[in-house]
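Taking the form predicted alone, here's one chain by itself in structure tokens.
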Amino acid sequence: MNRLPAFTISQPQSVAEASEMLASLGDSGRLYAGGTELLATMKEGALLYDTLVDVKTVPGLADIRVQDGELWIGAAVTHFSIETSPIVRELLPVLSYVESRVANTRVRATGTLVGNLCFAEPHSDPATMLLCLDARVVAQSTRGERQLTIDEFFVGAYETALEEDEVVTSVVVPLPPANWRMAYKKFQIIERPTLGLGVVLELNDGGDSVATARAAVGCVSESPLRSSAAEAQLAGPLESLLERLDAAGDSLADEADLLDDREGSAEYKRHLIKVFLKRAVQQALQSDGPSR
């Protein structure tokens, strides 16, 4: 049985202190919140760090709040806390649903949304729907604060755009208007998801047409992505939407750099994208407001 190597835990009392710790530690240190992915990877010997900087001790990072029409989720907020939050369930139920589908009960109780994003695991649930929701990541360092969109944040598999001393403090999600319809679909047969797919449909005032659309797919390539071509094909009258779904599914699959891996072949994933795009659109349209 593999054993977790010895390491030191440092517990800063502010984001600035955490940033300074990371800068001084360099490659020998890593941020730590839930640690579900990090500690498992260290146990396997794939990553080794002398010091973990525990941000759970920083005041305010375990908060969920609404500010200026946006949902702010702190870096120490667990998946389970988001799943069960009355605020999230009322204002953004699709996110509560996505979080309820992450891994298993133990991971959701311990792991954090921000930690999940920072690990940049390709086969991960939340990033795909967050991309659809135009979410942003807020990062701070001793140089100040910057905000990155989800597509800016991910550089590749297990790689983000963060500087070595930057601390992600929040994920910010704009709250959807009442005329938006949305859904998230996931397919999984072994340890990791084979597919995650999110859609957001903005209905016109009459409710008989899609004014704008967003469609994102994850778990099929190194990072989640949206397709402008697929989104253009989803927009238009509802009466002909089902006829446009095949072409939209092909466009979404075309723009994804589909990978052959143990979760399935690229050809298989193309088929799944088309099937689950249809299911997601149908589910979104059956709801009476921002849903799951």
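Fair warning: this is a prediction, and the values are worked out from it, not measured in the lab. Numbering starts at 1 and follows the sequence shown.
Keep in mind that the form predicted in complex with a small molecule is not shown, yet the notes after this line are about it.
Partner contacts here mean any heavy atom within 4.5 Å of the small molecule in the model of the complex, and among 113 to 121, 203 to 211, 142 to 150, 171 to 179 they occur only in 113 to 121.
Proximity to the small molecule in the model of the complex, taken as a non-hydrogen atom within 4.5 angstroms, holds for one residue of Cys132, Leu92, Ala183, Val167, which is Val167. Residue contact with the small molecule in the model of the complex: Val102 places a heavy atom within 4.5 Å of it. Using a 4.5 Å cutoff between non-hydrogen atoms, Gly35 counts as a contact of the small molecule in the model of the complex. In the model of the complex, the small molecule sits within 4.5 Å of a heavy atom of Pro193.
The small molecule is not drawn, but in the model of the complex it has no heavy atom within 4.5 Å of Thr84.
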